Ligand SMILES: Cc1ncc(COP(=O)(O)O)c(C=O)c1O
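One chain is shown next in structure tokens, namely the form predicted on its own.
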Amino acid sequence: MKTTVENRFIWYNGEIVNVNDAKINVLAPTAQFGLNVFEGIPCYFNEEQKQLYAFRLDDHYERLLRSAEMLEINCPFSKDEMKKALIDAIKANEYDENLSVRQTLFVDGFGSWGAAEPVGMFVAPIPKRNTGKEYNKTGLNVCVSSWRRISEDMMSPRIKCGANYINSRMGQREALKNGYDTCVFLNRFGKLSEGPGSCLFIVQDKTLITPLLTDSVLESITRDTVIKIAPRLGFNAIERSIDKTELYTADEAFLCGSAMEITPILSVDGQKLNGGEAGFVTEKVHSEYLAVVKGEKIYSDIKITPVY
């Protein structure tokens, strides 16, 4: 690592700059209304190979472009340009550790919330150890939030945009205020949805169960990866709507996401799962996930990209 986090280099509108020199107009739609779409792209360092791997880049960029299209902002960048920007930003910092990379398309200029352009982009890598506390825990004590997850008929959870994360903020702040690490949301029909910035799995009789994408869930790349990994470990993985009481009575449960990785849920509303410890299935899936993202195991349907 070349600099401190506070002075790291980022890619900003075609240039590598010190993060403190990347300026956005305070009246820009991205600043006033959260009018941006973004990806959190995990990168994992393989110590033996001395190589950093970016995880499922094409899938992240396809989702980013879908988000931009649904939010109707005009993206001027190709996937190849996005990929080069990410690699250039990481190389500028000489990172040799696990990273979370924020890649954001934002509406700049002096327009209002209805503006579609001009659109800029920044790429800001950060060591995973410097991300939020909930993303660096070995287990989570969660609550079921009193706030409901946004739905397709109000603000689509399929769009990974800054404004949508205010919903996640409300649940997260409520959880912290009440002594929990984070929360899980119910959707408008009272079925389980997801956590703030993370997807939910419960485990029952060694079967992994996760809510449907139509249950107000982001189309998570990590969620999809877990579904791909599970059968290779001899576990079933199914998608269906889940009742709240199923979470309380689950053998195991975990949250997953690009930043969250795969983190076991130790208790829900004070009620312990698996005696308050990480479960066997969760640990097996997490271990396999780490082997895949670090390039120690190769799956033909899960692509990783070498940075160096």
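We number the residues from 1 along the sequence you see. Everything numeric in this text was worked out from a predicted model, so none of it was measured.
The form predicted in complex with the named molecule is left out here; the points below concern that form.
In summary, among the residues Ser145, Gln103, Thr210, Ser198, the only one with a non-hydrogen atom within 4.5 Å of the named molecule in the predicted complex is Ser198. Note on the interface: of 45-53, 25-33, 250-258, 272-280, the segment with non-hydrogen atoms within 4.5 angstroms of the named molecule in the predicted complex is 250-258. Although the partner is absent from the chain shown here, none of Thr131, Lys137 and Ile262 has a heavy atom within 4.5 Å of the named molecule in the predicted complex. At the 4.5 Å threshold, heavy atoms of Gln172 stay clear of the named molecule in the predicted complex, well away from it.
In the predicted complex, Asn187 stays away from the named molecule, with no heavy atom inside 4.5 Å. When the named molecule is considered in the predicted complex, Arg63 lines it closely, a heavy atom lying within 4.5 Å. Proximity of Tyr165 to the named molecule in the predicted complex: non-hydrogen atoms within 4.5 Å are present. Contacts to the named molecule in the predicted complex (heavy atom within 4.5 Å) from stretch 201-237: Leu218, Ser220, Ile221, Thr222, Arg223.
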